[in-house]
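Encoded as structure tokens, the following chain is the form predicted alone, with no partner shown.
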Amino acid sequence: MSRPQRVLITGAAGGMATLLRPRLAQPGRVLRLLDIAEVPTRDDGAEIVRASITDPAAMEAACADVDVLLHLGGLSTEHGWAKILEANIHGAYVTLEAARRCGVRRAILASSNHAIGFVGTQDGEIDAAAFPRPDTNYGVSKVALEALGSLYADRYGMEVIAVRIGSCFERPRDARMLRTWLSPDDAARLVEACIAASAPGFRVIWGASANTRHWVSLAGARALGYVPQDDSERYAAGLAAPQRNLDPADPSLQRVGGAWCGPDWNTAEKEPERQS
């Protein structure tokens, strides 16, 4: 009898992992759920690990007998540089190094649209491999994550897929998310495609649903077998009127990163007050 497939999910107490957990649980697979925060026990047979992605020994133990790493861990929004550096960049290095030492063959990394936040939205579909133009410290950390994935694929032979996730929530919350939304069901379909893909090497792909008002090209994800089935348009009528038909000239729709490209997200200016 063959052993079950074991998938290690970091950041398992976070929003996206919580949405994915019931959708990825299936016979013949064990989910190993890791977070520094408490992860609830359920009847899905998941293995719960309380640990930090910045702890090398703990991560190496967590990677034992793992087939696939789904790295969702780290800070999910903007913070000062020191926190981003430790959690998102150093944490990604520690996690990938532990995976390498334990022989994990495939890693799926949660990158972000904020890795190219300053890319404009007026010139047609944006390719998944668009050159990095991060909009924040957080965005820089996702560029670093992609670079680490590339290194571990090229130097160590790991199969690494970095997914530039748009906005993964139960439903889109504003006009921008009508363009960037990744439904939870499509997120699971995308992860399954990444798990099943044959010899992907290193790739950067978009994580979004088949949205009518889309900005990004899903060609790279589709090439791995992803077949999105959801469209944010069915929620458009439920948005508040100003958001439903927001003027395309609105600053939040001019760049991929939306409001994160605006002055309210200038973390460098806020650093002194954080440190005082």
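Computed from a prediction, not measured in an experiment: that's the story for all the values here. Residue numbers run from 1 along the displayed sequence.
What comes next is about the form predicted together with D-galactaro-1,5-lactone (15L), which does not appear here.
Although the partner is absent here, Gly117 is not a contact residue: none of its heavy atoms lies within 4.5 angstroms of D-galactaro-1,5-lactone (15L) in the predicted bound form. Of the heavy atoms in Ser167, some are within 4.5 Å of D-galactaro-1,5-lactone (15L) in the predicted bound form. Proximity of Tyr138 to D-galactaro-1,5-lactone (15L) in the predicted bound form falls within the 4.5 Å heavy atom cutoff. D-galactaro-1,5-lactone (15L) in the predicted bound form comes within 4.5 Å of a heavy atom belonging to Asn113. Between the options Met177, Ile195, Val143, Ile126, the residue in contact with D-galactaro-1,5-lactone (15L) in the predicted bound form by a heavy atom within 4.5 angstroms is Met177. The partner is not drawn, yet in the predicted bound form one stretch among 168-176, 97-105, 183-191, 149-157 has residues with heavy atoms inside 4.5 Å of D-galactaro-1,5-lactone (15L): 168-176. Residue Trp260 is the only member of 228-264 with a non-hydrogen atom no more than 4.5 angstroms from D-galactaro-1,5-lactone (15L) in the predicted bound form.
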